[in-house]
Ligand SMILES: NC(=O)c1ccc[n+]([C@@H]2O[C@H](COP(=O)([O-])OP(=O)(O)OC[C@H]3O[C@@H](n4cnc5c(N)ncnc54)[C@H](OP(=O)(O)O)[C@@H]3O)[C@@H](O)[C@H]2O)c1
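First, one chain by itself in structure tokens, the form predicted on its own.
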Amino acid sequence: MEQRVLGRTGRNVSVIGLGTWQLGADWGDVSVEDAKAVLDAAVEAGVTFFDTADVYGDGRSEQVIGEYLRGRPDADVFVATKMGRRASLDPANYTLANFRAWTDRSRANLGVDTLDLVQLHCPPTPVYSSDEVFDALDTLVAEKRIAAYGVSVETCDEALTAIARPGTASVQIILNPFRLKPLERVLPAAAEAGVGIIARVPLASGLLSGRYTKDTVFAANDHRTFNRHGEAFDQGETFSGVDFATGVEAAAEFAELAPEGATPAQTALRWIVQQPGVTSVIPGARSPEQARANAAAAALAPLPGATLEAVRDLYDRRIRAQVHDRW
């Protein structure tokens, strides 16, 4: 699989990675055995980048990844984790003492001395403008608790603020055919600064797979049930902030753009990978088959200009009014 340098980390990662929120919580139940099978399928398909967080299953996702990689010393996988959402989202909590405690816990969960990459996990907006916060992150690097740090953001403005920081290695942001705003300023700014871009929520919480109808029901412990209107966390994390009924209709139209032999989900991933400035995209997977299918999108031919224009038209007609000015 194609490898790209992840910004200021200087490390190569696969253009299609694996998001592991679903292996911890909030997507229904996934057993440890099933989770490891997903990780194994991804690695065998060429994935070298896992993204996790200390809050996914309160550390369960990190623990499963750590246990899996200890059993696969041949797997050269870069693991990015996140911190900051196990505590209340108060800027006062983003201190060096807390950062040390949080990263020590993640190091224990993953079974490593130095974390490859730690990302602030969608912190309150004022955190991005705090010199003390970024000084503390620099200290973690100096102490070799972490090799590099980045941020996971909700808004384009937060991304731009973080990109201007000289130590920021990467920015993780929602980017998919239903969320085009990062193309305007964020991706060009990141490319100019040498900051990596990790595209998350690439399938709009599964909408872009084209498998759902307006009557689809998700489990009660699935965020696609309990966070549709931002009840538990930022609404943009669920269906990319798009109303479900609107999203189903738009996804059906998007599915018609899939080239022969490719699924709608693979088409969405291919669209993301070919956006200038993107380093890696991190779809989740709940089964080995899904992990392999996602990875296979990297081998698709680039989408033609007509398809790219059709995506833009679809966004402008059906999606823009709901999301463009919010994030």
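Since this is a predicted model, take the numbers as computed values, not measurements. Numbers for residues come from their place in the sequence shown, where the first is 1.
Beyond the structure shown, there is the form predicted in complex with this ligand, which is absent from this document and is the topic of what follows.
Here the chain stands alone, but in the predicted complex its contact with this ligand, taken as any heavy atom within 4.5 Å, falls in 50-58 among 36-44, 50-58, 65-73, 297-305.
Judged against this ligand in the predicted complex with a 4.5 angstroms heavy atom cut-off, the residues 21, 121 and 205 are in contact without exception.
Mapping the unseen interface onto this chain, residue 107 falls outside it, with no heavy atom inside 4.5 Å of this ligand in the predicted complex. Taking non-hydrogen atoms only, residue 212 approaches this ligand to within 4.5 angstroms in the predicted complex. Although the partner is absent from this view, residue 201 contacts this ligand in the predicted complex, with a non-hydrogen atom inside 4.5 angstroms. Among residues of the shown chain, residue 258 is not one whose heavy atoms approach this ligand to within 4.5 Å in the predicted complex. Contact with this ligand in the predicted complex, defined as a heavy atom within 4.5 Å, holds for exactly one of 224, 165, 181, 145, namely 224. For the stretch 141-177, the set of residues having any non-hydrogen atom within 4.5 angstroms of this ligand in the predicted complex comprises 152, 172, in sequence order.
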